[in-house]
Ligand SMILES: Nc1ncnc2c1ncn2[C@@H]1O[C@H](COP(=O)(O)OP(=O)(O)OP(=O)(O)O)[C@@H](O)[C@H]1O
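Before any questions on binding or motion, here is one chain by itself as structure tokens, the form predicted alone.
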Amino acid sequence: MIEVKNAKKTYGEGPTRVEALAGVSMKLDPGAFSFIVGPSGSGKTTLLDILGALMHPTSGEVYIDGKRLSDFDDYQLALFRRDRIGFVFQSFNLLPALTAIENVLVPVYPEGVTEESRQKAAKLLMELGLADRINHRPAELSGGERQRVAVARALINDPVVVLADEPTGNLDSRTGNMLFAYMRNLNKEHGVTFVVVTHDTEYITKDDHVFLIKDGKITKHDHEKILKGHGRKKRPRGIHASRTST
């Protein structure tokens, strides 16, 4: 499903040169549920962007669903991203003038919205607990609600892989648990492959694939140590968290 061969990514030149990835290799089977974890600045988001064909590695190769991404031109890559990859961005990237259901339908617009696609978008929002928020715009939604709209948008085209960058970063524990339960059900029942970048290790299980990245490299790690909450960020508690996140 996903294979990365010695991917490197550098920014800038000379004294300003930064090596974000220093030769990353990884392989994931179809239907895997995987996490990329590591400290800030370790290259997690850069790796996710390369997996999603949002940027090219400086060197190395990436294969998704049997396709070598470097063989595609920009137009082909755009179609591949739209039809095969779902993205959940930490910053949501919702269009403020559109309602929740219209935001979910954005990937469908180039081919034209049909009654079937509209019903599918509504069903996704209902499954994510947003039945009464379908016609609300992003400014009328909480952070947690906006994140769930972003998840529905990622799923509208039935992607083979979903890439999620800190999907629980704006959620309280209850909503985060609900979101992960929903994603794991899609993984189990429909074989959707998930790759999740996170600081929040409490959602990792013993059966998940975990890639620990540090200084731009995949490193060996103690899976049990991660399961016990090594590096787990502290969640906000109290009334303020619930008001802003659910």
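The first residue of the shown sequence is 1; numbering continues from there. Every value quoted in this text rests on a predicted model; they were computed, and no experiment measured them.
What follows is about the form predicted in complex with the ligand, which we do not show.
Interface residue among H221, R68, H199, R184 relative to the ligand in the model of the complex, by the heavy atom within 4.5 Å criterion: H199. Taking the partner from elsewhere, I226 is found to have every heavy atom lying beyond 4.5 Å of the ligand in the model of the complex. In the model of the complex, no heavy atom of N157 sits within 4.5 Å of the ligand. At a distance threshold of 4.5 angstroms between non-hydrogen atoms, Q90 is in contact with the ligand in the model of the complex.
The shortest heavy atom separation between G191 and the ligand in the model of the complex exceeds 4.5 Å. Considering the ligand in the model of the complex, the lone stretch of 38-46, 203-211, 22-30, 60-68 in range is 38-46 [heavy atom distance within 4.5 Å]. Interface residues of 169-198, taken as those with a heavy atom within 4.5 Å of the ligand in the model of the complex (partner not displayed), are absent.
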